[in-house]
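Starting off, we have a lone chain in the form predicted alone, written out as structure tokens.
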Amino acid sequence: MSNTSNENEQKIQSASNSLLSKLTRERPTLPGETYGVPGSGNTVLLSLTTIAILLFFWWLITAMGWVKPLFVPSPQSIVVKFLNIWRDGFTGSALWVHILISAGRVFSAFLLACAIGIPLGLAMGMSPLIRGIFDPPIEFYRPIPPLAYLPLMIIWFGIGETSKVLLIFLSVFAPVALGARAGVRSAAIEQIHAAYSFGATRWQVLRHVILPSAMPEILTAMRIGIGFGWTTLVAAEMVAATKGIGYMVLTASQFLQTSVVIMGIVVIAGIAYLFDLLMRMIERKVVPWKGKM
């Protein structure tokens, strides 16, 4: 009797182990894929499920009245507020005008930071002289919050567009420059020696060996930098702004219009996410070898 019960327990344990192994086993590697790449796999369904669950809990909390609408408006009220502002505008300007002005500030600062930061970062990675000159000031101001030097921007450059764009530029510049500098170290020394042995010049080595090796780091730094740019937008539009998504959020917060505040945050997050998807697509085109070597 005891032997029979032991056999049954072993069969149940074996069946559970088999089921667990089937659930946790990864799919077979397809032809052309790299075996065992960490983090590989499609996560779209999981991401959509996570968003749906979060929206459900948000709706449940507001529908049950556990939190006052002043603090957490319902998702449907956010949608209604978005449609109203899209139709009627905010403080006399259409919503798309606010979006275009904020996007113009962020992307102009981003392009300027890339135009200066990427060449400077490459130069810092290749030249000890350049690194010794520019590394201390960049590392000095990099951890300082933008709000800390916002008063200086106003004193030096006034309350016009220059101070706003420059504030965003400074938040983007440091990660882009440091990412480009770190990318130089991604180039294999064997490839550099091989290029020199074939008679390549220093510029050719930079163009054909170092820059392609550094591109994954540079593109990642650009994605991080544009994120810092959007987080600095609200601070930049505190300076005598009359239009912009950050201005809209700040103005609404002063009148306790929580639904407008959350709507503005969602709009900023949506634009930033769409640009991040664009950067990922560019990354797949420009550096298709990333994660496969």
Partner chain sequence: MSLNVENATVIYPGTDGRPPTEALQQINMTLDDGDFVVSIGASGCGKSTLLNLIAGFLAPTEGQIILDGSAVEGPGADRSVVFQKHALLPWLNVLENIEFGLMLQGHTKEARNTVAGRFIKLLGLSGFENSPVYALSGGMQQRVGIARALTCDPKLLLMDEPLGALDALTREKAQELILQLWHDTGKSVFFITHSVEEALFMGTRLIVMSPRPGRITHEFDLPFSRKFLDGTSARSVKASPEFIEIREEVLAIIFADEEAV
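On a predicted model such as this, the values are computed, not experimentally measured, just so you know. Positions refer to the first chain, counted from 1.
If you look for the form predicted together with the partner chain, you will not find it shown, but the lines that follow are about it.
*With the partner left out here, if you bring back the partner chain in the model of the complex, are Pro143, Ser163 and Ser171 all within 4.5 Å of it by some heavy atom?*
Looking in the model of the complex, the three residues Pro143, Ser163 and Ser171 all stay beyond 4.5 Å of the partner chain (heavy atoms).
*Could you tell me which of 152-160, 187-195, 128-136, 89-97 sits within 4.5 Å of the partner chain in the model of the complex, going by non-hydrogen atoms?*
Contact-bearing stretch, as computed: 187-195.
*State the residue from Ser77, Gln204, Asn84, Thr220 whose non-hydrogen atoms include one within 4.5 Å of the partner chain in the model of the complex.*
Only one listed residue qualifies here, and that residue is Gln204.
*So which of Ile101, Leu178, Ala123, Val209 gets a non-hydrogen atom within 4.5 Å of the partner chain in the model of the complex?*
Flagged contact: Val209.
*With heavy atoms only and a cut-off of 4.5 Å, decide whether Ala200 touches the partner chain in the model of the complex.*
Flag for Ala200 set to yes.
*Any residue of 213-249 that, in the model of the complex, places a heavy atom within 4.5 Å of the partner chain*: Result: Ser213 alone.
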